[in-house]
Structures are given as C-alpha cells and as structure tokens.
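Shown next as structure tokens: one chain only, the form predicted alone.
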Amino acid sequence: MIEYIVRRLIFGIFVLLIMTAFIFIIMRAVPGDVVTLQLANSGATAEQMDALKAEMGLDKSVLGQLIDWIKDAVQGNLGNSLWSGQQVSEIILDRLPVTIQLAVMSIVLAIIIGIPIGVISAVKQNTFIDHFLKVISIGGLSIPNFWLGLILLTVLSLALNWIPPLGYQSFMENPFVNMQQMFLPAICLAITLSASIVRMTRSAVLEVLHSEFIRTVRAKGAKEGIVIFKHALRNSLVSVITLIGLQIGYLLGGTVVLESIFALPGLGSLIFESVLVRDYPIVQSTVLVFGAMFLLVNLVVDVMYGWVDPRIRAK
C-alpha cells in the first residue's frame, strides 16, 4: 500500500506540473495584462510600463517566467500578488478554510440525501416511488448550481424578506451566522452531487440485490434490513465512493461561481477576482491548490476501497 501511495504521489506531481504549465500559458494568452490594467488612464508612457513589467518579471518570455515560477514554487515560494504585493501563500491560507468548509458541507449533505434515496429507489424498483425519485434525480442533474443559488436568494428575499447575513464570519467566531452563510451555497452544490449519487446508488444496489449471494443470505433467513444495508449497500459503496471522488472536481469548480454569488471569501471567489485583474501568481497558485486537493481526495478514495471491500485489500 505504501508503494502504491508513493507511486500515486509521484504521478500527481507530474499532473500538477502539466496543469500549471497549461494554466500559465492560457492566462498569458488572455488579452490584456496586469500592467495595462493598473496604468489604464494614468497617462503612463511606454517606457514606464516596460519598467513596471520588468519589475514584476513580466518582461521575460513565457517559458522563462514559467521556469522561474516553478523553481520558486518547489521551494515553497508562490510569489506575491501583482496588485496588493501580499504573499500569495498568506492569501490562500487565509481563504482556504472557507472553501474546505463549503466543500465538506456539500459532500456530507449530498451523501445524507443521495444514498438513502438511492437505496429506496432500488428497493422500490419500477414502482411509483421509484419513477418519482428518478424524475427528481434527473431534475437535480439538470439544474445549474449558480442558477439555483440565484433563485434561492431571490425567492427567500422576496417571499420571506430574508437574505444570508452580510460580512463573512468563521464558524469559530459565530457558528450560527456562519451556518446561515454557508448552508445555501452548500445546498446548491449538494443538489447536483446528490442526484448523481442517487442514480449510482440505485444502479449499484440493484445489481447486488440480483446477485447469487444475496439470494443465499435471504435463504438463510436474514432480515430484509440486514440484507439491504449490511450486504447490498456495503457491496455497492465502491461505485458510489468512486463517483464522489470524481465529482470533487465539479464541486471545486462550482465554488468559483457560488462563492462570488454568496459573497464568501474563499478560493473560488479569489480565483474569479484574480482572473479579472490578471493577477497571475494568485491564479496559478490557486489552481495548483485546487489540483492538489482533487488528486489528494482521489488518492484517499482509492485507499478507502480496501476498507469498504476487504476483497480489494487482499489483492
């Protein structure tokens, strides 16, 4: 297992390098740059703009800038913001807890909603309940999370005259206010993920319920609840866990828009704001953190297979 984890980590480093190079090139291909934005309408001469670019290290070729950035990043130096001058690592560490809390709340809500509904849908196969739940899950997959967020804000503000408290407060500062601020965006992210979990759980549980060993368990007189939850569901969890791991990328991408809509100071809103002002170091570093989180979660998912299914652990 240790050898497998080390091999995955080494592979993950190469993936992060490729991703970083791709983002690096794409950002510099976007029209406009940070110097032009900063000195717009200031009457600065071309010489002054070139001097500022040289000060920021933007006078080098894209390849040269990429090599310099990777050298610094390997040493733990992610550079400074081109606008505020603050260290990028400090900015990310300050905003990271918000995104992690939002992602964890979304995953927990999606699991709480998705797995029970998926099991019910499988047990009630081809009944009215099953068809109804399938329609609901398809609807959940079809609704964009940013649209749902805007609708929830509009409905709650007009119908109930209520909007989430302004001015973000962490859970440690004020748990009640924090949960009011985080619950709606977490629900928006959880809806689509839970719909995927419902469909995957239903398919996986149905496949196990029709297997030979389930008939054997029933023939031995086991209660239906034990058959479903101890045997059918546990043997279906590998597929569900795989889906959750793959959906982490979608989840992190959803935070970019939802954090902006709900005014949450997380990594999602940070990368959105930084792209607009061409703050290259922040964009590159934030994408790097997102990529590392995605790879780490998928590694944890792969390791969990052995815990869920001992047959995998024995191979």
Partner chain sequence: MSQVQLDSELPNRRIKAGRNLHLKKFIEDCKRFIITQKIGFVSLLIILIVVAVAIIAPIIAPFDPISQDRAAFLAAPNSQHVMGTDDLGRDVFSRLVYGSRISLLVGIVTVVISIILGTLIGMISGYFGGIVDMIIQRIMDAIMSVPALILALFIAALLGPAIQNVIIALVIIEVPRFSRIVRGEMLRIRESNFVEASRSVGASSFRIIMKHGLPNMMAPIIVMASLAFGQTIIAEASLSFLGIGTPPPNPSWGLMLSDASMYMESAPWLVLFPGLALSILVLAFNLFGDALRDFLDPKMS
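Numbering follows the first chain given and starts at 1. Nothing here was measured: the structure is a model prediction, and the numbers come from that model.
The discussion below concerns the form predicted in complex with its partner chain, not included here.
- Proximity to its partner chain in the predicted complex, defined as a heavy atom within 4.5 Å, holds among 175, 225, 165, 144 only for 144.
- Its partner chain in the predicted complex is not approached by residue 160, whose heavy atoms all lie more than 4.5 angstroms from it.
- In the predicted complex, residue 65 stays away from its partner chain, with no heavy atom inside 4.5 Å.
- Though the partner is left out of this view, residue 231 does not reach within 4.5 Å of its partner chain in the predicted complex, counting heavy atoms only.
- Contact check for residue 75: every heavy atom lies farther than 4.5 Å from its partner chain in the predicted complex.
- Partner contacts here mean any heavy atom within 4.5 Å of its partner chain in the predicted complex, and among 150-158, 236-244, 217-225, 114-122 they occur only in 150-158.
- Residues are counted as partner-facing when one of their heavy atoms sits within 4.5 Å of its partner chain in the predicted complex; in 246-283 these are 249, 252, 253, 256, 257, 260, 261, 271, 272, 275, 276, 278, 283, in sequence order.
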